[in-house]
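Just one chain is shown here, as structure tokens, and it is the form predicted alone.
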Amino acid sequence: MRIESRAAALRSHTLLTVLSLLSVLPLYWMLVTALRAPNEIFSTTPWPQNPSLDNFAYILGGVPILRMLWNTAIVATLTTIAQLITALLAAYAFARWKNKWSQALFALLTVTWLIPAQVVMVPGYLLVTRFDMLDTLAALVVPHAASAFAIIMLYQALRAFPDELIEAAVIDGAGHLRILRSLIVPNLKPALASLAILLFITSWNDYFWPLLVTRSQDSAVIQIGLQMFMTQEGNQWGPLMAAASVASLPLLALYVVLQKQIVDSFLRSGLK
């Protein structure tokens, strides 16, 4: 039995090692391409013969990449905070006041989550234009201040929250905001942290909506900056990979620092 269990463990570890290497390979090739000279871009060697930082110098001098990173960080942070606040309030309302109308509204909310984002982009663009928010950071944050996904996630967490604790707080004279601030939020910190990580990563990687509502480089995010290296005349693969490497650094740093929480966030959301 021990030999069979060791053989099964060896097979499992071998498979996981191969899958891990396949997952890391695109990141490795991105970095290698960023370090290649223009005449080595399409080389199949595993490492450039003459590694150079010229591509990184080019993107830092020719494109406001740092400004775009700052814009992306601001948009992702504000969007995450707004979605957490609105989701917490809505989920508390759905979990606290249960009747036929609340169930119907929650079902309608679930249906909106299933609608592709591209379907509502044109109406959203018209609203942004009407409110004169086009080409501003507000146009990237305000339309995404509420998330059906976040509401559904927190609603599931609040359903498991003991009603006795809330009732005891009500008897003590606590209002709804005080209950949220002093009772629910401290006890839902793991769920809130996991959800915040998912929302931040989603906002950071958003591309189509910023492409639609931004025009100038001053309000552009990093995903739009990557697209600038792809033109009809050809793709600048070296600078593009250098910019992609810089754009990936904040998320990689976030993963290194919060590795356990990030894995937990995907487990909580049911994603694989």
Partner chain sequence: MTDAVRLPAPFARATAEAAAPVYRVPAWVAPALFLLPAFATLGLWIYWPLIEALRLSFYEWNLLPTAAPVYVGLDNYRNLLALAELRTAAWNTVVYTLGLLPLTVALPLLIALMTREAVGRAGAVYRAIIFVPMIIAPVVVAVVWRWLLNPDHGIVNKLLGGLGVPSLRFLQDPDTAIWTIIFITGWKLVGFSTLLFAAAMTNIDQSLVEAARIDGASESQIARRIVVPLVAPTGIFLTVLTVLHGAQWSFVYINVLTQGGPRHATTNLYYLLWEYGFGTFAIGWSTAAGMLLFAAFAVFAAIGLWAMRRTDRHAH
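In this text, the rigid core denotes the largest set of C-alpha atoms whose superposition between the two forms falls within 1.5 Å. These numbers were taken from a predicted model, which means no experiment stands behind them. Numbering follows the first chain given and starts at 1.
The following text describes the form predicted in complex with the partner chain, which does not appear among the structures shown.
**Asked** Can any non-hydrogen atom of residue 56 be found within 4.5 angstroms of the partner chain in the model of the complex?
**Response** Residue 56 lies outside the contact set for the partner chain.
**Message:** Considering non-hydrogen atoms and a 4.5 Å limit, does the partner chain approach residue 241 in the model of the complex?
**Reply:** Residue 241: contacts the partner chain in the model of the complex.
**Prompt:** Can residue 205 be called a contact residue for the partner chain in the model of the complex at 4.5 Å between heavy atoms?
**Reply:** Yes, residue 205 is a contact residue.
**Prompt:** Is there a non-hydrogen atom of residue 137 within 4.5 angstroms of a non-hydrogen atom of the partner chain in the model of the complex?
**Reply:** Output for residue 137 is no: heavy atoms all beyond 4.5 Å of the partner chain.
**Prompt:** 152, 128, 78, 196: which sits within 4.5 Å of the partner chain in the model of the complex by any heavy atom?
**Reply:** When the partner chain is considered in the model of the complex, the option within 4.5 Å is 128.
**Item:** Residues of stretch 93-115 in contact with the partner chain in the model of the complex (4.5 Å, non-hydrogen atom)
**Value:** Going through 93-115 in order - heavy atoms within 4.5 Å of the partner chain in the model of the complex - the hits are 93, 94, 97, 105, 108, 109, 112, 113, 114, 115.
**Request:** Superpose on the rigid core, then tell me if the C-alpha of residue 40 is displaced by 2 angstroms or more between the shown form and the other one.
**Result:** Shift of 2 Å or more: yes.
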